[in-house]
Structures are given as C-alpha cells and as structure tokens.
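Only one chain is given next, in structure tokens, and it is the form predicted on its own.
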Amino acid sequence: MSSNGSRAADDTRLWDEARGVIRSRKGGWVIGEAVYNHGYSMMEELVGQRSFFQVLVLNTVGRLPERRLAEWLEASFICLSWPDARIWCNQIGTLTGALRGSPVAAVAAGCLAADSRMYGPGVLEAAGRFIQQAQQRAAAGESAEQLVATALAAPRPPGTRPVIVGYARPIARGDERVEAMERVGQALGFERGPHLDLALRLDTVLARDHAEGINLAGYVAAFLADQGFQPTEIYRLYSAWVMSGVQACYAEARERPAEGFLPLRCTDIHYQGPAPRPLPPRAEEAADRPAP
C-alpha cells in the first residue's frame, strides 16, 4: 500500500483473501437450520413479528427500529407514490406498460429515473449532509439567516439560480407533503429534534426572504437525522421511494391498448432545423464520373 492509500499495481492481497470466500456481517441462510439477519432468525423472529419497514431498516443500516418509526417511514413512502404519468419517473413506468414491457423493468427503470440531483431519493444524501453540517454550525452560534446566506453564496454551475438542497421544487413552491408528515409525526408521538427544528427555522427565513421553502426531501433528511441516521443511510433507505407510483402508472398503461400513451403524428413535430437540401450523389454515380 502506498503512502497516499492507493494499492500498488502488484498488491493482490485484497483479492487473494476474498478468493472463493463470501464473508458477511449481515447474515445468511444456514441450510437446514435458519435464515439469519443481523443475529435474528428471519422465520422465527421477524416474519409475522416485525413490519416490512422495520426489516427494511434492519437490512439497510443494521438496526431494528421501533415500530412507530417504521410507520413514519411507511407514511413518507406514500408521499412519493403519486399515480400521475406526468411525473418523470412515472412516465417511464407508463411507457413500459404501453410497450408491453415487464413490471420489473418498469419499476427498475422508474427508480433509476428518480435518482436525480433535483428530486426523488437522489437529493436525500446531499440534503442530509447540509442539515447535519448546518446543525453543527448553528450549535456553534450561527443564526438561521447566516446559514441561509452562506448556503446561497456557495459556488454553483453557471446560469443556475442559487438554491439550497432540500428547499426547492422543480415546478411548484411549497410542499403539501411536509404538512402531512408533520401530522404523522405528531400522531406517532415524535418530538421535534434539533435538526428538524433548525430545518423549519431555515424554511421561515427562505419563505420570508427568497420565496422558497422546505420540500419533502429536506424534511425527511432533518427528521431522520434526529433519529440518528447518517446521510448515506437515508439515501439507501429511500432508493426505491417512487416504486409504488411507477407501478400504478405501469398498470394503467398495461391495461390499455398497446402504444397508446401520448402518440404523435409527424405534423405534431415543429421542425426548426436547416431547410430541406438535396442529397449528395450516390457513391457509385460519383465513381462513374471522369476525374476532372
């Protein structure tokens, strides 16, 4: 291993040690005995005893959460399950159904389409990093106004407007899902922690001074930070966040005539390219012409 941490070209120890052996701290199937998951017997201690979302967290981050947190997570998944074919990832599901593809292909492609830096699970890791770093700076004495000003002044790609991840929406302003999840949290007895409290104070400043507000990704990242989740863990938990909405749009298109989603005539296309021009002579015609 070199001084900068990279592996020398002829150092194969990592692969030699892993050759022919699968090691896991998660668990596995001991044939004839049990299927284990982080020390739990899946058939005896999880199936019928714990909810799917409890096991999802266990599989993803290695911790079995209390049931009310799993119920909160389930409610948040419903927030990204709109059966609206105009939404980017759902449109992928609709097109797959219209073309008679499989539901697995529709969901897989729809989830990939949602892995974006603008919306869906693709923003959650960055939103988690932002609110956790902002909370550290707030604890050191920075005000919400200072945190907003610093974030908006950060370098950004040319031609883009300043935004804070977790505090913007591609189309609409405000987010009705935040209010819904606030009700869920209160009904389940969750108290507002420091990350969520700061996130909502930043929301107040942005709404007042910049006509922006917290979105669901920012809310989820802050809430789960208060529950002890790291940004990478949040991203992994929500990797299939849009699955149900994609499935709804796939199913509707699959039950309709094939290729029936937003068909186009040639006349529907407004061409703005170069004007028509003659094709060059065919190669054999050019070869028959005498050289100049």
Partner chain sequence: MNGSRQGVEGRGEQFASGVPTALWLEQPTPHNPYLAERCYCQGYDLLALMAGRSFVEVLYLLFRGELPSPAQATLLERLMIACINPGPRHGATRAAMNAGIGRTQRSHLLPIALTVLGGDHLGGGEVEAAMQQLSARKGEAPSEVITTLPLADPSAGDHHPLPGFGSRYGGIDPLPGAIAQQLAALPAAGPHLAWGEALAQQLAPHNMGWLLPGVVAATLADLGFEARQGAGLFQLLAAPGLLAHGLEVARQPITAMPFPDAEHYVIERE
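Positions refer to the first chain, counted from 1. Take the two forms, superpose them, and find the largest set of C-alpha atoms that agree within 1.5 Å; that set is the rigid core. None of these values were measured; they are calculated from a predicted model.
Although not depicted, the form predicted in complex with its partner chain is the subject of the following passage.
Of the heavy atoms in residue 262, some are within 4.5 Å of its partner chain in the model of the complex. In the model of the complex, residue 83 approaches its partner chain with a heavy atom inside 4.5 Å. Interface residue remark: residue 34 is counted as part of the site for its partner chain in the model of the complex, having a heavy atom within 4.5 Å. Its partner chain in the model of the complex is approached by residue 88, whose closest heavy atom lies within 4.5 angstroms of it. Interface residue among 200, 144, 99, 152 relative to its partner chain in the model of the complex, by the heavy atom within 4.5 Å criterion: 99. Screening 208, 183, 117, 156 for any heavy atom within 4.5 Å of its partner chain in the model of the complex leaves a single hit, 117. Figure note: of the listed segments 238-246, 224-232, 34-42, 62-70, the one touching its partner chain in the model of the complex, with heavy atoms no more than 4.5 Å away, is 34-42.
Core-superposed comparison between the shown form and the other one: the C-alpha position of residue 268 differs by no less than 2 Å.
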